[in-house]
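Given next, in C-alpha cells, is a single chain: the form predicted alone.
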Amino acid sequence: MTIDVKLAINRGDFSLNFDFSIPSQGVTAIFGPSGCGKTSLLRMIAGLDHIPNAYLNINGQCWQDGQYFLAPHKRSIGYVFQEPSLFSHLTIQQNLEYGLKRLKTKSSLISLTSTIELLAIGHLLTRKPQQLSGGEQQRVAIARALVTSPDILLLDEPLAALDHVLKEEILPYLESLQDTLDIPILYVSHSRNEVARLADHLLLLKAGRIEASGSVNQLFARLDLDLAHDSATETLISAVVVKHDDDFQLSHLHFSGGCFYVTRSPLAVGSHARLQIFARDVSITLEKQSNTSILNIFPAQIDKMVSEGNTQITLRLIIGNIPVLARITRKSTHDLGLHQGKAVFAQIKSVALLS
C-alpha cells in the first residue's frame, strides 16, 4: 500500500508542485530547508488547506480527487504540531480523554493505557500542562494524537521548539513508535540527526519540488544530492547483531561487507540495528593495515569521486554492496593515485549505533 499525492500551487513567488508515492509503512521523513513546502504538504494531507484539483489517496482510501474533498474531521489522522497545543485548563488525563472522544464507535488501535506506558507519562496525569517541561508536553501531545486511533500520524517538526537536552530526551520515545505502531508516520524536519535516527524513507524537498525520494540509506549516499556535501555528511548502514564480546565489551554487527565492532550494545543477538558513519571518519589505505588501533577495516572499491572546493574530495565507496562515503584531502587522493574503480581499504575510525 502507498500514500499517493499530487498537488500544484502557483501564487506568484510561492509555488509547489508535488507528484509522488511513498510507502505506507514505517517513518517517512519530509526533509528540506525552510520554505520548501514541508508544512504545506502536511496541511494538505490533513485537509487543513484545501488545494483545488489536488489528489490524495491513503492506503486505497481517496481523501481528495478533483472536486471531491473529504472534510478534515472525517480524515483519520493524528497531527502533532511544533507546539504541543494542550488545553491548559485540563489535566493531562483530561487532555488524553478529550482525544478519545473522536473514536466514536471505532476501537482504539493502541489503548490509552498502552499509550501512557509507551510515552512514559503515567506520573504526569494529574498535572496541568503548564507544570510540565517542553519535552513532557510534547510527549503528551503525541499520546493525545495516538489515542484517536489514526490511520496516519503527522508530526510537524515536533522537536523544533525544544533545546538539545530535551530533544535527546524525547527522541527515544519517537524511536519506540516505529516498533509499536502499524501506521505510516510522516515526520517533517530540517534536522539531519532526526532523519538519520528515525526515518526509513526520505522525501527530499527543494524549492517546492521533489528533489528525490527513496530509502534514507540510499539517499544519504547519493553524490548528486546536497545531502552528500554537507560538513556532517554521513552514511547509514543496516546491520544485524550477531555476537556480544563481554571480555572487551564489544558487539559484533554483520552487514554485506563484513562485520563491525562497536561498543557493546544492549540489543539482543539477532536484532536489527542502524549504524551511522561520518564521511570525515573514513580514511583510505591501499593495503590492509595490521598494526593499527582501528578495528573496522574493509576492502572497498571507489565508485565515484566528487571535488569539495579546492582542498577535499568526497569518495563514494562500495563495501560489499553497500555505498559508504569518505571525505579526504585532494593531496591524499593524488598521493595514493586514487581513481574511479580502484580497489582500496576503508578504515572506519568511529561508528555510532543509532538503534
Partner chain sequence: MFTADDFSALLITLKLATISTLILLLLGTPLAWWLAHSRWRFKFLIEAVIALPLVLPPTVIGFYLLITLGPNGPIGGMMSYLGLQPLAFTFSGLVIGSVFYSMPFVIQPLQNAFSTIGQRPLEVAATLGASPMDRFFSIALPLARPGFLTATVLGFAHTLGEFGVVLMIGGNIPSNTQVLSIAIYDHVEAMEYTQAHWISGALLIFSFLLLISVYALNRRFSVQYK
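Residue numbers count along the first chain shown, from 1. What you are looking at is a predicted structure, and each value in this text was computed from that prediction instead of being measured.
Not on display, but discussed next: the form predicted together with its partner chain.
Using a 4.5 angstroms limit between non-hydrogen atoms, residue 220 is distant from its partner chain in the predicted complex. Mapping the unseen interface onto this chain, residue 192 falls outside it, with no heavy atom inside 4.5 Å of its partner chain in the predicted complex. Among heavy atoms of residue 85, some come within 4.5 Å of its partner chain in the predicted complex. A residue is said to contact a partner when one of its heavy atoms sits within 4.5 Å of a partner heavy atom; residue 236 fails this definition for its partner chain in the predicted complex, lying far away. Of the residues 252, 201, 197, 128, just one reaches its partner chain in the predicted complex with a heavy atom at 4.5 Å or closer; this is 128. Of the listed positions (228, 205, 77, 92), a single one reaches within 4.5 angstroms of its partner chain by any non-hydrogen atom in the predicted complex, namely 77. If you check its partner chain in the predicted complex, you find a heavy atom from every one of 73, 81 and 98 within 4.5 Å. Shown alone, this chain has one stretch from 210-218, 265-273, 167-175, 128-136 that lies within 4.5 Å of its partner chain in the predicted complex by heavy atoms: 128-136.
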